[in-house]
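Two versions of one and the same chain are coming, encoded as structure tokens; call them structure 1 and structure 2.
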Structure 1
């Protein structure tokens, strides 16, 4: 039986109340008031599609042995690299091995479900194998646009395989159209959309039913057979209309998180699926539908094994971990929509030496350290010689993946002198659980949130961006440990 073996979600910490956007930009386009309800999740200045995909993947892979991963698929329409496989960065961060299959899925908002289908087919074709799908998007609308109001940032992840399946994959039905409701050319930063009523009526309201009915016809089902229905559609009216397909019980239809997160693009069906799986019961039928250049409709059936994965992973704890982004200007600066003065330190040219990045890829991407076979000391980085002054053994390391180990704060500061898009730059020394320590940037916190001895998690983030060469570099930062929500 092939199916979902784990799931994960990610919602960035900062939320922008849409009335703040309206208050700042309503003068230009008063009609955005129609979408000015609730809040949207905003990626921190050091987050992008890759980092959020990794965060969702880390959530999904909690407690799962990375050496068993055979494929890592990454889906996004906002991948930072057009040439350089983004999925390999994600795979490296997740601690997957290097003899694996990777692929980027892009260019359509249904790329997330298409990646999931490909992963399921990979698992079906390769018995015993496991694949991970990570989707994330960080889409931009111009100031005072509908997209700016609607879009949110976030990620979703799903692991698939044929062992310990929590939701069996039963079948799918896809439709693909060159239906251009939204588009973004290769050289464009902002999303562009066509007339909204057309998108609503001819898009969502016709393609989603077409895909659902197609699936039902193919497998002899009725739309009302599903216990949980997951699909994105940010038009409230259209959503109500589509919901009628699934019967009388509105609780069957998974909340689209528009009021709390916004539309996260390719990630959205997977993010909503993660939320649905948090409370799914054995035997339930789940319908998952994407939307974008067509639809993928997928049918899953929840197994008894679901209980094992209902351990806090998913979306709830990320939703609970929130902080207000209290001004619109900060949002503009973080998303590169307004250039701030960062002083000379912000202008330092940091060139990336790719041969060095290659040599250190394990410790940079996966925060792999080493455990000395001679004395047992865990350390990062593991270069050639053991750091224990009483040992000093050479080339005796057993690799240790530290990214999911967590740690504690050893010392910290908040630095107003360092160039930062969110000053003060918070950083400090972190002791890894199990031994070793290093100095790391902290993120998703203020100095007041910190104390020596407090627990931290590690989060894969943008380390620095080199605008001269359009290179985004990534590394791990410390964040205050994310509390479980039961």
Structure 2
């Protein structure tokens, strides 16, 4: 039996009330008031599709041995690299091994479910193997556009295999069309869309029913047979019409999170699926549908093992961990839509030393440290000699993945002189749980949120961006420990 073995989600901490956007830009395009309800999730200045995919993957893999991962797939239409496999960065940050299969899926909003289908086929063809699919997007709409109002940032992740399956994969039906509703060329930063009625009437209201009816005809089902229905569609009228396919019970249709997160593109079906699995019951039939250049319709059936994974992972705790971004101009700066003056310190040339990145890739991507086999001392980064002065053993270390271990604050400071897109820059010394200390940046917090001894988690973030060479460099930062929501 092949299917989903775990799930995870990620929603950035900051939320922008859409009325703030309208209040700033409604003078230019008053019609955007029609999408001004609720708020949208906004990635921090040091987040992008890769970091959010890693965050969702970390949520998905909580308590799961990384050494058993055989494949990592990454799906996004906003990946930072066109040549340099983004999935390898995600896999390294998740602590997966290096003798695995990795792949990027892109260029369509249904790339997330396409990656999921590929992962399921990989698991079916290789008994005993496990694959992880991480999807995330950080799409941009121009100022005063519908896209700016609707798009949100976020990630979703699903692990698949044939052991401890929580939702059995039963089958799929796909349709693929060169239907151009949204597009971005290779050199284009902002999303461009065709007329809304075209997207709504010929797109959502045509393709989703075609995919669902095709799945049902293929397996002898009726749309009303499903207990949970997950599909993205941010047009309210179209959504109501599509919902009539699934019967009179509106509770079976998963909330689209448009009012709380926004449309997260490639990640949205997986993010909504993670939310659905948080409350799924054994025996329930789940229908997962994507949209973008066609549709993938997938059928899952929940097993008794679902209870083991309903431990706070998913979406709820990220939705609860929110903070207002009450400044539209800050949003513009964070997304690179308005160039700020960062002073001379912001002009320092930061060239990437790829030989160093390769040599220390385990420490940089996975925050791998070492534990002395002779005395048990843990340290980061891993070195040949034990730092314990009473030990001094050489080459006696076993690797320790520290990224999911957490730590405590040893010291911290706020620096108004350092160049930062969210001053003051906050950094300090963090003690790893289990031993070892290092200096890290803090993010998703203010100085007032911190105190010596408080617990922290580690979050994979953009360390710096080199605009001269178009290189994004990543490392781990500390964030206040995220509260569990059950």
Partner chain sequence: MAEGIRDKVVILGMGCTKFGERWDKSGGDLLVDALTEALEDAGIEKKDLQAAWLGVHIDEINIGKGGTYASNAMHLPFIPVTRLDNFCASGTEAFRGAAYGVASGAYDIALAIGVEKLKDTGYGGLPDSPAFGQEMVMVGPNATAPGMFAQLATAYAAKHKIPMERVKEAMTHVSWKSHQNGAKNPRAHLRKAVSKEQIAGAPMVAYPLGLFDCCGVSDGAAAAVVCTPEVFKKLKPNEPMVKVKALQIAVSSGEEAAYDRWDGASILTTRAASKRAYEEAGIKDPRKEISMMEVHDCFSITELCTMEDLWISPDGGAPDDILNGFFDLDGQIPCQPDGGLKCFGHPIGASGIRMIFEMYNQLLGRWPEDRAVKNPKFGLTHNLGGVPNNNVCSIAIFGVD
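All values reported here derive from a predicted model rather than from experimental measurement. For the two forms, the rigid core is made up of the largest set of C-alpha atoms that agree within 1.5 Å on superposition. Numbering follows the first chain given and starts at 1.
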Is structure 1 or structure 2 the form predicted alone? 2
Would you tell me if residue 383 moves between the two structures by 2 Å or more at its C-alpha, with the rigid core held superposed? yes
